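Below sits a lone chain in C-alpha cells, taken as the form predicted alone.
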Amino acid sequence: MSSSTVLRELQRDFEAKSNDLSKLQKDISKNHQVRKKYTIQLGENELVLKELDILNEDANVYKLIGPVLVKQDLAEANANVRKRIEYISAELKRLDGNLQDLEEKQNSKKEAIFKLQERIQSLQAGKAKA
C-alpha cells in the first residue's frame, strides 16, 4: 500500500474516532444534566422529610394530585417520601457508575486519537522529506 493510501485510511479512522468521542461527550453532558435534576429532587424530598418529621402525629397532611389537594395519612406520606428518596439515591448511584464508564471510554478514545495523530504527522513528515 502506498503511503498516501495509508494516510487516507488513517484520516478516515481518525474521523470515525473523533465522531465516537463527540458522541461520548454528548452522553457525558446528558448524564450531568440528568444527575443535576435528580440531585435537586433529592434535596427537595429530604426537605419534605424533615418537615414531615417535625409534625405531630395528628397533623393534617395533604398531597397535591393534579389541581386537587387530597388528605393523606402522615405515616403514608412519610413512607412515600422515604421510598422516593431511596429511588432517587439509587438512580444517582447508577448515574455515577455510568459516568465513570463513559469517562473511561472517553479517555481511551482520546488516547487512540492522539496516537493516530502522531502516526499521521509522522507519515506526513516522511512525505514532506521525500
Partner chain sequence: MGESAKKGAGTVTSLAEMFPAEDAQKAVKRVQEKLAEIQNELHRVRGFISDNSNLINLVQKLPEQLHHNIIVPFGKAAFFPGRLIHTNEIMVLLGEGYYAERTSKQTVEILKRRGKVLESQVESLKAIMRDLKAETSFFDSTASEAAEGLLEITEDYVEENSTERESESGPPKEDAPNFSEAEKAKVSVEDEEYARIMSKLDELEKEELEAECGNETVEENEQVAVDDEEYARLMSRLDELEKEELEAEDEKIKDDFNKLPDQKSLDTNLRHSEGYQSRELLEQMKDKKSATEEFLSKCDPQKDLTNQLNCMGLAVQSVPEDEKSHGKSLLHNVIKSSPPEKALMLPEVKENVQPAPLSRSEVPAESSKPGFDAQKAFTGSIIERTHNTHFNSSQESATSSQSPSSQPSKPVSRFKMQRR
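Every value quoted in this text rests on a predicted model; they were computed, and no experiment measured them. Residue numbers count along the first chain shown, from 1.
Missing here is the form predicted together with the partner chain; even so, the following discussion is about that form.
Using a 4.5 Å heavy atom cutoff, none of S18, E104 and K110 lies near the partner chain in the predicted bound form. The partner chain in the predicted bound form is approached by K63, whose closest heavy atom lies within 4.5 angstroms of it. Although the partner is absent here, R35 is not a contact residue: none of its heavy atoms lies within 4.5 angstroms of the partner chain in the predicted bound form. In the predicted bound form, D96 stays away from the partner chain, with no heavy atom inside 4.5 Å.
In the predicted bound form, E91 stays away from the partner chain, with no heavy atom inside 4.5 Å. Residues V48, E51, L52, I54, L55, N56, A59, N60, V61, Y62, K63 are the members of 48-63 with a non-hydrogen atom no more than 4.5 angstroms from the partner chain in the predicted bound form.
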